[in-house]
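What follows is a single chain, given as structure tokens, in the form predicted alone.
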């Protein structure tokens, strides 16, 4: 009787494990699996707040350990910390946003140790022309990077540098830190060399497929969750036009900045569609980049951002950086003295929003 009960408990345990959502990578590390499941679970609880380069600098400081502009305002750090690896491919010491890669690594390790979630974007240079990520002078860049393309070997060198950095992201015990990686974003627009008018649908999908498979199969990287994020879109068909496949993607998301009076309606429509797609596919759903006129609209956080997103099940919303070398009014996140500072405190105190203390 006891043996039969033990067997039944084992079967039930295995069934429960099998029923839990899994990342797209069959060889995902236990930590990546745990992060994926955690983000889906938290998505049911509320909306995590994220800030780009939050631990790297703020409007009036640079590389001060333990500080963030968000914490200066509300007493807590963001739940999601964004990082940028542009210029890593050049072999330099610091990113295109003037953050030393050693500091990015330390910041990622610190965020993870505190219980935060790290997400990485990569505005890498145009492989064909040598220009920036915003160099859209050629429509042949993506094609040139594919296995039969003239710049394929150079792209492999870029990926090897990326792989070396990703593999260096470890805890003190040597465990690889799970990362949400978001390359080739905002492709429904055409301001990056990988944008809509810069390549065909098949070329874009092929670039995604080659990149992920190379990192997984050739570089043995399995601690990454991959995010597919567009700019604005109007329909499910438009959103999924260049979707590379469920076997590659762990998060469906979009970027949308407040550029005018139509923002709330567009944000609502995109959020509605992405949350629907995420639910149908069993993927994380998020607003991967956002930002608005917080120096002019004193209630942007609560009246515009939060009230628009409140009805939807989204994992997080991340606002862009507070550049240390630009005027404070150019900041996308809250900071001491910001006209919308008190409104952000209301945003922070709302039960819908989740910060670092809420996810540890």
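Keep in mind that what you see is a predicted model, and the values were worked out from it rather than measured. Positions refer to the first chain, counted from 1.
Here the subject shifts to the form predicted in complex with a small molecule, a form of this protein not shown in this document.
Shown alone, this chain has one stretch from 37-45, 60-68, 316-324, 300-308 that lies within 4.5 Å of the small molecule in the predicted complex by heavy atoms: 316-324. Exactly one listed residue, out of 248, 96, 114, 156, brings a non-hydrogen atom to within 4.5 Å of the small molecule in the predicted complex: 96. In summary, among the residues 258, 84, 231, 203, the only one with a non-hydrogen atom within 4.5 Å of the small molecule in the predicted complex is 84. Interface membership of residue 216, defined by any non-hydrogen atom within 4.5 Å of the small molecule in the predicted complex, is ruled out.
Using a 4.5 angstroms threshold between heavy atoms, residue 123 counts as touching the small molecule in the predicted complex.
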